[in-house]
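Here we start with a single chain on its own, the form predicted on its own, put down as structure tokens.
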Amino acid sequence: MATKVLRKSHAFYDTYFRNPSPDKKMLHYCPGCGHGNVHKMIAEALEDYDVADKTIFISPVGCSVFAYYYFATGNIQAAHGRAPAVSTGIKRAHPDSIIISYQGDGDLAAIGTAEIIHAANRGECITVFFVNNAIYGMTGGQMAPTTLVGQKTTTSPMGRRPSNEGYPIKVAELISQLHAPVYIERVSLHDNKQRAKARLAIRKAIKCQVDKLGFSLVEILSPCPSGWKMDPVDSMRWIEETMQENFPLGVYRDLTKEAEPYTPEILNPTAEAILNLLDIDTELDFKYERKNPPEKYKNPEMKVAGFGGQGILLLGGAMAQAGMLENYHVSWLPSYGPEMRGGTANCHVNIRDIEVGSPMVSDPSVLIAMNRPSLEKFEQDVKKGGLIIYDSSLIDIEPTRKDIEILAIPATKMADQLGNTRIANMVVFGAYMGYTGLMGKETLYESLKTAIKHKRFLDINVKAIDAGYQFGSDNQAG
């Protein structure tokens, strides 16, 4: 009689609540896709080694990005190809965590080639799972760096030609030539025997990091029936008969028995030590004393938004610079559309008494909206009791919220009256500080010296701050 009950690994969510598909119990991947197999093998290993609670998945662009739907671990999304770089930063900041860089071939072997080579060359203690299906599976079946010679894709309809597109990149062979990597293996998912070997390789790669031995990478030949335009059975046969010939399976580097566990050197120099290293005056004299604003205005988490060309990023940067001048912990994170000028732009700003854990501001306590789309998009994100400042010259509607403070300022009109429409951002800068009492004008003036590149514009920006500060002070909440 069976005594063991098969169940889903605890490293998976019980219900895939992030999956937008109606069925929250099933993976969304195409029939025959290999990602589900790889997910299961990773999840089992994380549970068996009891490291799921300290594991962080780094997932970039491609089908691999959806790992966060399923794994009950930390999850960070990285820009296309940048997962090894992000993994490096997270691992160095949290050396006791288990970092998994989960990438596809269109990501790791294309835009991310430099990232993976240098992370491997440094011997970063991370685990990389490289899902190689020889095609861009998510975006329409284009040719990937691993597409085989003669293989037809939407961008190589005549088949890949070495004379035109070059040869497929063999990642396992390439990385294994470096000195630092500890474990490199290529496996496949095309039959039960090979899936069993893939399971062992995945476990070994994770154990390599658990034991703090260094960099490991497992390349996994995986079917993509949708991209290959095959049924799942034929896709398995194609891996065995064609793909495996071009990408031979096996262990390309295994130093796990001789590698010694190591603890990375963690440098945490003081501010004075850093200034000494840079040969800068170590006398930390914060010239501008902090004001004591009302409690509700302290430690703002801000989102500044508007059109590209309105100086949105400059406004956020000036705010962060002013915070540094008063010895606050600050962060500034830009975000803008591909069009930039004329497109949408916003930035996230933290000005805090304590260290900033994340520069991302999802639920701002302060929203500065310089155009109507920004007000409509972000108004509902503002925390209850928060503050919205908006340019009433350009925005012809009012916020609908009744549980927040609102300051409407005709910033663009005021800037026009001062002689330059483009200083509306500095009018708002002054208005925010005048309204909240967070900082004095002298600090704002000083921040301009860094924020404004062309010094001939300093005077008019100072006037903008003066006008805005006065407006904010005059309209303070009772």
Partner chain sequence: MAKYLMKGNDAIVRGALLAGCRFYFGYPITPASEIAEGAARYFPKVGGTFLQAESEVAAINMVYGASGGGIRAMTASSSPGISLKQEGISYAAGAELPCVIVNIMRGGPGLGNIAPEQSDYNQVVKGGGHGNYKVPVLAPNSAQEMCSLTMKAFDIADKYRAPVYILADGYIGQMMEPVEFPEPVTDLPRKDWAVYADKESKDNLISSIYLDPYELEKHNRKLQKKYAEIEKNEIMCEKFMLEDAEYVVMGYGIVSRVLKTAVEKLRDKKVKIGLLRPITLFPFPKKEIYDLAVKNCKFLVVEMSNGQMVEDVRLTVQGKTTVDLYNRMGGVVPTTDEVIEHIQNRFSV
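Positions refer to the first chain, counted from 1. In this text, rigid core is short for the largest set of C-alphas that superpose within 1.5 Å between two forms. Note that the structure is predicted; figures quoted are calculated from it, not measured.
Although it is not shown, the form predicted in complex with its partner chain is what the next lines describe.
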Original post:
Quick one: in the predicted bound form, does every one of Ile56, Ala79 and Met360 get a heavy atom within 4.5 Å of its partner chain?
Top reply: yes
Subject >> Exercise: Phe307 in contact with its partner chain in the predicted bound form, heavy atom 4.5 Å >> reply: no
Subject >> Contact label in the predicted bound form: Leu267 to its partner chain, heavy atom within 4.5 Å >> reply: yes
Original post:
Does its partner chain come within 4.5 Å of any heavy atom of Leu278 in the predicted bound form?
Top reply: yes
Original post:
Though only this chain appears here, would Lys229 touch its partner chain in the predicted bound form if you measure heavy atom gaps against 4.5 Å?
Top reply: no
Original post:
Looking at 198-206, 364-372, 244-252, 347-355, which lies within 4.5 angstroms of its partner chain in the predicted bound form, counting heavy atoms?
Top reply: 347-355
**OP:** Only one of Gly123, Pro293, Gly317, Gly141 comes within 4.5 Å of its partner chain in the predicted bound form by heavy atoms, so just point that one out.
**Re:** Gly317
Original post:
in the predicted bound form, which of the listed residues (Thr146, Thr153, Thr73, Ser235) lies with a heavy atom within 4.5 Å of its partner chain?
Top reply: Thr73
Original post:
Counting only heavy atoms, which residues in 105-140 are within 4.5 Å of its partner chain in the predicted bound form?
Top reply: Ala114, Glu115, His118, Arg122, Glu124
Original post:
Rigid core fitted, then: does Met243 show a CA shift of 2 angstroms or greater between the shown form and the other one?
Top reply: no
Original post:
Is there a C-alpha shift of 2 Å or more at Thr55 between the shown form and the other one once the rigid core is superposed?
Top reply: no
**OP:** Answer yes if the Cα of Glu265 shifts by 2 angstroms or more between the shown form and the other one on a rigid-core superposition, and no otherwise.
**Re:** yes
